[in-house]
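First, one chain by itself in structure tokens, the form predicted on its own.
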């Protein structure tokens, strides 16, 4: 799972969000390291919807513009949980190696 996909799933885990809110959430979650461009965001969202990990929640008109909200599906929660477990295992392994070298 790419970092962008991981961060979008994480952003959607709390509540349904529209595109601009997802971009802001990803920026905050990554502390500015990952900045999604619009084309990248909607490519990720299209793929997540096609894979059943996210779905359209609702549409609202805000200041004359349509906002489409997305939310995580149960499959998306499971995929995010599995990725968290995988990344945590990798961190434990790397920490163990670095501690053995005295680097941590």
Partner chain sequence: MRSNLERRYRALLRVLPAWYRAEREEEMVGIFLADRTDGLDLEHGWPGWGETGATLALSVRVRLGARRAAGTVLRAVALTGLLGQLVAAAQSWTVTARVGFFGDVQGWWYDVAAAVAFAALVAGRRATGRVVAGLLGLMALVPAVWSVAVGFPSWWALVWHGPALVTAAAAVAGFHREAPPVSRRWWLVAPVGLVAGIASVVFTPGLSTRTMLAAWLIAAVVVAVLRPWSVREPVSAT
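Positions refer to the first chain, counted from 1. Since this is a predicted model, take the numbers as computed values, not measurements.
The following text describes the form predicted in complex with its partner chain, which does not appear among the structures shown.
Whether 6, 14 and 30 all lie within 4.5 angstroms of its partner chain in the predicted bound form by heavy atom: Heavy-atom distance to its partner chain in the predicted bound form: none of the three under 4.5 Å.
Its partner chain contact at residue 77 in the predicted bound form, heavy atom, 4.5 Å: Residue-level check for residue 77: no, no contact with its partner chain.
Any non-hydrogen atom of residue 68 within 4.5 angstroms of its partner chain in the predicted bound form: Taking the distances in the predicted bound form, the answer for residue 68 is yes, it comes within 4.5 Å of its partner chain.
Close approach of residue 73 to its partner chain in the predicted bound form, 4.5 Å, heavy atom: Taking the distances in the predicted bound form, the answer for residue 73 is no, it never comes within 4.5 Å of its partner chain.
Distance check, residue 23 to its partner chain in the predicted bound form, heavy atom within 4.5 Å: Judged by the heavy-atom cut-off of 4.5 Å, residue 23 is in contact with its partner chain in the predicted bound form.
Partner contacts in the predicted bound form for 42-67 (non-hydrogen atom within 4.5 angstroms of its partner chain): Stretch hits, in order: 42, 43, 46, 47, 49, 50, 56, 65, 66.
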